[in-house]
Every structure is written in C-alpha cells, then in structure tokens.
Ligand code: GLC
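Just one chain is shown here, as structure tokens, and it is the form predicted on its own.
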Amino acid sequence: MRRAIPGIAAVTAGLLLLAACTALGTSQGGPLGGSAPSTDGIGPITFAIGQDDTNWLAPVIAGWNKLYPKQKVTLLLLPEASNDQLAQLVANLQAKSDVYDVIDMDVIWTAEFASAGWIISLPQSQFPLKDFLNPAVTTAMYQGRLYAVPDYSNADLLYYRKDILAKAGMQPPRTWAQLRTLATTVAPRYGLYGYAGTFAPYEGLTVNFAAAVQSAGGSILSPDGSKVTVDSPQALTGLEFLVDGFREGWIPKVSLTYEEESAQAAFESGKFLFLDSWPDVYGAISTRSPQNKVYKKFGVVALPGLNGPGSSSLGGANLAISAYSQHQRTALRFIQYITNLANETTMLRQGSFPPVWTQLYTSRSLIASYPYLPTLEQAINSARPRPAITSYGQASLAISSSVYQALTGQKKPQQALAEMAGQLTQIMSGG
C-alpha cells in the first residue's frame, strides 16, 4: 500500500515534526471537530484497515513497534466489503469516538470525511508528494488541502488464461467485441465460463459500471463534478455491454453474487477464461497451492474498451488521521513510516498492492517479478476517479442498485440510467 532506507521517514520525523506537527490544531490542519488531542499528541495508536488488505502488514507494524515501543500500533480490522467498512467508520466518527487513530480509506471517501470534519488536514511539506503518482495524490486532496496520504493506488486489469488462448491461437482482447467473441467461442470449447467481475450489488459493481461507462466514452458526472451526466448514449452503451453479457451467457449469472474474493477464487479454481479485478490478485494466483489451477497459466493486460483500450475506475486507499485521535503526532509519524519507499516496496512484494512511488514502476528488479507494472502504471494514469460526491455512500448505493436491477432484468437499461441520474441529482443537492 504504501524513502530508500527502512524506517527513514519515521527516524527523521522526530527532527522535522516538532515544528510541523504543531500545525495540528492550528489553521494548517488541526482537529475539525470532536475532542482535542492530548497535550503532546504522542502515544499508542490504532490502525483501522479492511481485513482483506493486511497480509503484508505484520512485519511492517512489528518494525514500527520495535522502534517505538511506547507508541505501539494496534491493528483494528474492518469488514472486507468497502460498503461495510464505510458504514462502520461513519458510525464511529459520527459518535466522535477516539477508537480509530489512523484510518485506511477508499480513495473516494476523502471529500465525505473531510467535509464532515472527521479527519484533519495534513502538512503537505512532510510527504514526498512529487514522487507519488499524480492521480493518487489528487484523491487525497479536498478544497486544495491535503487530508490524507496516498497509501496504494489501483486500476482494474484483465486477467486471462494464457494457456487457453495459446491453444486456441488467439491473442488477449483489446476491444469489447474481441472479448465477447473469445468468451462465447473459446471459453466453452475448453469447459470454461467467459468473464467474471464484481457484480454483486455493492461498491464493486459501482466500480465495474463506472469502468464500462468510461470505456464507452461516457461519464457519471461532468468533469467539474457539478452535473450528473450518466443518462447519456455513451453510458447506455456501457451498461448494455454488461447487460448483454449476462443475457447472452458469457457472463454467467453466478457472477451476480461475486465480490472481490469470490471472483478471484472462481478464476483461481480454473472456472473462467477472463477476470476483471485489481492488481493484488496477481500475487495470490502466482502462488502454488492445491486450489490454484491457474498457477503459471495466466496473463494480464489492460482492460479492453469499446474500440480500443478501456479506462478503469481509479481505486486504491489513502491514510487519514481521525479528528478525534488523542495521539495525532504519532499517527502522522506512522503514516510517514508506512508510506516510505522501503515499506511501499514491501507492500508490493508481499501484498501485490500497487505502490504510489512512481520510481517503483520502472525498477528492473520489480518488473522482473511483476511484468505487468508498466501496463498498470498506464492504467492508473488513464483511470478516472469515481464520482467525488460528499455523500458518496448514498451515491454508490444508488448506482449499484440501479445497475443490478438492469443486470437482473428487473429494469431496462435506459430506465435504470434515468432513475440513477435522478437519484444522484437529488443526493448532490442534499435532498
């Protein structure tokens, strides 16, 4: 998720933060609500993060706890699903609880959390933002101020069975038409389903839908975020691509139940020719195990689009400090530590999460282990953020619900988009 010596940011922070961190509590970026932090702001902290993002974290946190035994970090695991994480965090922060200190947030939550006063603004000078992927930094800003620090970035990729395509003498798809042809002809010939994605009615469906709309030349909101634009011919083309996939059967109905873990498991078990998912899947399915039927049999390419390469939804996570944390100076030091170059490299090697340091995408040693890195960097730079609506949870629910009704045949695609547009307009107006 997340400078070239392990722990360097944390070690040097002591010299830099005495001045910088006094800004916490001033106009530079102090608590925006809730109880004030303790006098020195130093002490044990908690780190709230989704339970599916933690495999690589144990040695990193152990390294911090060894360096700072009086400022230990305790991991608090949130639910796997993004919607459930958001609900739990919102309930806690609305209660002005100090249970959480550092919060691992979906990149799309920055506006909601900052506007509500649940997280504090951070001193930009204390982070090497110019060395980070620009799209990731943009997601951490709200009204021109830094409210979080990019932890990892993300863009969906297309996983495919390279052994099957080789047998069929075919190349991986670059367009939707090619994807459909391969999924309807090659997949059944080898006893496989065609295409899997996250199509259960939750945030993962919002992500898949947004990518389809963008890949057809459409958008959910106008570029300045002021107007709903989802009721358009381009968006209809994107939604109909998914609806037709289910109707024609090359996206099987079982995919309507898939979230990230279940979709990955289905591909890993050898059931699908294609999988649309995040880059962390690469590490999991590159490990030999009895249940892994695609070990050394898969490849990765950019998402296909209507007439060429597609556009993914911009994913990833940012680290923020709760406005109700009693130990905000420690929290800031910990964020510096966990996002330093060494720990970002560990995150990639051990967790397959895309780092935010741009130099890691051109590292020969890393590309040797993760050959998809150049493709991933291009995908991130061409990805688009999901709608930056302050009530994002409501917006995502409105989107995923409408899309799910179209995918299951309850509503015609055009009707679903019209109703979605109306709901989003109402949410944005505060209705």
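From 1 onward, residues are counted along the sequence shown. Please read all numbers here as calculations on a predicted model, not as lab measurements.
This protein has a second form, the form predicted together with the ligand, left out of what is shown; the following refers to that one.
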query	finding
Candidate stretches 224 to 232, 114 to 122, 313 to 321, 283 to 291 - the one whose heavy atoms come within 4.5 Å of the ligand in the predicted complex	313 to 321
Every residue of Y160, E261 and F272 near the ligand in the predicted complex, heavy atom within 4.5 Å	no
Heavy atom within 4.5 Å of the ligand in the predicted complex - residue from W278, Y195, F267, Y100	W278
The ligand: the contacting residue among A148, A212, I108, I338 in the predicted complex [heavy atom, 4.5 Å]	I108
Interface membership of V207, the ligand in the predicted complex, 4.5 Å heavy atom rule	yes
In the predicted complex, Y202 touching the ligand (heavy atom, 4.5 Å)	yes
Close approach of N343 to the ligand in the predicted complex, 4.5 Å, heavy atom	no
Interface membership of Q328, the ligand in the predicted complex, 4.5 Å heavy atom rule	no
The ligand in the predicted complex - contacting residues of 146 to 180, heavy atom within 4.5 Å	Y152, N154
